[in-house]
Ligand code: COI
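So this first bit is one chain, no partners, the form predicted alone, shown in structure tokens.
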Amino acid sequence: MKIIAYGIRDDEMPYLKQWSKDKGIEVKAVADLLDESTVDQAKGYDGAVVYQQKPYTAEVLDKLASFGIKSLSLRNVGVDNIDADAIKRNGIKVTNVPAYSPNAIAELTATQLMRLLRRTNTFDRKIAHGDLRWAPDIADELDQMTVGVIATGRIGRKAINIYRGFGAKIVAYDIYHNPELEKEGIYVDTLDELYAQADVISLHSPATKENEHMLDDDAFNKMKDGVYILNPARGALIDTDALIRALDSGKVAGAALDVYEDEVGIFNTDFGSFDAIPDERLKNLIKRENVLVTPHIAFYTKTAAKNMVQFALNSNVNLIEKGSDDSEVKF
């Protein structure tokens, strides 16, 4: 058995090598992403392990199938960048890693919320210019606030636990109710109810056609004045132009964004200078003291990197040997 792994970073290599040694399975690590220019390297392999935000196009998937590769294992959760028609047409089976480290995402989300509430970005900038005064940047306390959690999957539930540790009240919305949370009575029936109650909105939804731009002008208008927005989930959940308008009006007091709807080709890239970043809306957000932008790093911990690599490799082996895996994604 031979597996090819695309998009392997330096920080992933130790976990890949350890797995390969322990399992006695050959794994070719390729730094490049899987696209039309690199897919030919997969010829002669039994399965492919991948991670990227770049689309998995029909051309690439057709080529993999022509090589006899019908086992594709993602090292991440999201599958919205895969050409589903090509997957079905070629009979390719796909797995993901649905829970590589919910703690990692939840912890950064809560960290960024506390930075917003305690105005640390503002104080960092003031201190850098020799201004050590307190006023007028007085803070809020989370234990006096209601956090609205949208989607209560693994990450959403970890986030709820952290918010509760600070003493916050929780309301939640999800089309699928978690039985334990249901017993606690924290669910509201509609997003409008959540918007009306929440001082903080914490997004943990997957990206689907139905919830694209979930937070748009209409949604922001239904929220409390001075609401805080947290998005460690998917950039497409927020209409960026609507968010900028809500920040300008003061409707949104602050936002922490680990994702951005046009992040592909921008995040995880060194442009050499701030001015060289080729996205004016993103630069608009970054320049604001009440907006914290991170380049999709919520997942980026040692624990998560290890789990993403090794869980995906294990799934790929199951697909090759058995034709199925518990983490298979249906298209």
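The shown structure was predicted, so the numbers you read here are calculated from the model rather than taken from an experiment. From 1 onward, residues are counted along the sequence shown.
Separately, the form predicted together with 2-OXO-4-methylpentanoic acid exists; it is not shown, and the next lines address it.
Residues with any non-hydrogen atom within 4.5 angstroms of 2-OXO-4-methylpentanoic acid in the predicted bound form fall in just one of 128 to 136, 222 to 230, 193 to 201, 75 to 83: 75 to 83. Between the options Tyr163, Tyr100, Tyr260, Tyr173, the residue in contact with 2-OXO-4-methylpentanoic acid in the predicted bound form by a heavy atom within 4.5 angstroms is Tyr100. Of the candidates Thr38, Gln53, Thr294, Thr301, Gln53 is the one whose heavy atoms come within 4.5 Å of 2-OXO-4-methylpentanoic acid in the predicted bound form; the others do not. The closest non-hydrogen atom of Lys93 lies beyond 4.5 Å of 2-OXO-4-methylpentanoic acid in the predicted bound form. Of the heavy atoms in Leu313, none are within 4.5 Å of 2-OXO-4-methylpentanoic acid in the predicted bound form. The shortest heavy atom separation between Leu319 and 2-OXO-4-methylpentanoic acid in the predicted bound form exceeds 4.5 Å. Residue contact check for Leu16: none of its heavy atoms lie within 4.5 Å of 2-OXO-4-methylpentanoic acid in the predicted bound form. Shown here without 2-OXO-4-methylpentanoic acid, the chain has only Arg234 in 219 to 243 lying with a heavy atom within 4.5 Å of that partner in the predicted bound form.
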